[in-house]
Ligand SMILES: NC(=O)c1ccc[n+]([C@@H]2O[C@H](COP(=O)([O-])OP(=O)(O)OC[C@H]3O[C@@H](n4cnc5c(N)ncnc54)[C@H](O)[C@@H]3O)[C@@H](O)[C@H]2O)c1
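Just the one chain here, the form predicted on its own, laid out as structure tokens.
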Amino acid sequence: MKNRFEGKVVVVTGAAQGIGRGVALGCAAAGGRVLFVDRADFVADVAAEAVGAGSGNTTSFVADLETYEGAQAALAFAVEKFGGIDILINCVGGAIRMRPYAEFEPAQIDAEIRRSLMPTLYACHAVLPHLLARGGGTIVNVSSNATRGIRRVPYSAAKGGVNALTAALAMEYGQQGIRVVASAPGGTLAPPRRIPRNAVGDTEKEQAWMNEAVQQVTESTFLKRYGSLDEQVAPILFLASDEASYITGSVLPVAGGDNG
């Protein structure tokens, strides 16, 4: 597995933190030429970790992927830097707030969709000309098993959109040699985020609602626990690799038995 991405150009979005960080570092360690993309400027530090570990052919790019222009610029930079793109792994997303749906304000609903659907929708569109020019390629979308869950209905809707995008895009571009697949992580243990998803912080009531969601996620799994980052990264690397060459249009639940 050490050289599974040898000769491949891989773009990983959301590469500064969490699952995206682990995926980008994993692709670099497996021989890929990797562009680490995030809107947080410390994504450069993460790319530097890969260089320090001996993966010299990596770099970073700062872009706001909640805008089409950001997605387009990031992918154009990858082509300029590496000569093309073989694999796009979309890791941007995450629930901003946990609360009953009736308690969401309209602007908060929009923010959840903008964060957890639009970056993937935009990046998939922006990468297609580059994959078609390459004669094929692979897109891996990171979805969620939270398409069934409590206290995050707008996020659930966004990830349901990612699943639909995955299936439809795979059908539309399969004959052009483009595979489109998705991973659907469940609850995942991760270090504290350097940039919190909810920048204004959670009220006491919101913390209680979040605890309810955590309890539901844990009890819904067969294993009765959260997964680790490594347990989420490994399936994504597999789906992105040539080992999964006959898998397309599928969403792989990685959630301890809770398929969402």
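Position 1 is the first residue in the sequence shown; the rest follow in order. Remember, it's a predicted structure, so these values are computed and weren't measured experimentally.
Omitted here: the form predicted in complex with the ligand. The next part is about that form.
Remark: all three candidate residues (Ala16, Ser143 and Arg197) come within 4.5 Å of the ligand in the predicted complex, counting heavy atoms only.
Look at 184-192, 105-113, 121-129, 81-89: in the predicted complex, residues with non-hydrogen atoms within 4.5 angstroms of the ligand sit in 184-192.
Checked against the ligand in the predicted complex, the candidates Val51, Ala40, Met210, Ala234 yield a single residue with a heavy atom inside 4.5 Å, and that residue is Ala40. For the options Pro154, Gly137, Gly149, Gly94, the one in contact with the ligand in the predicted complex, meaning a heavy atom within 4.5 Å, is Gly94.
Contact between Ala63 and the ligand in the predicted complex is found at the 4.5 Å heavy atom cutoff.
The ligand in the predicted complex is not approached by Arg179, whose heavy atoms all lie more than 4.5 angstroms from it.
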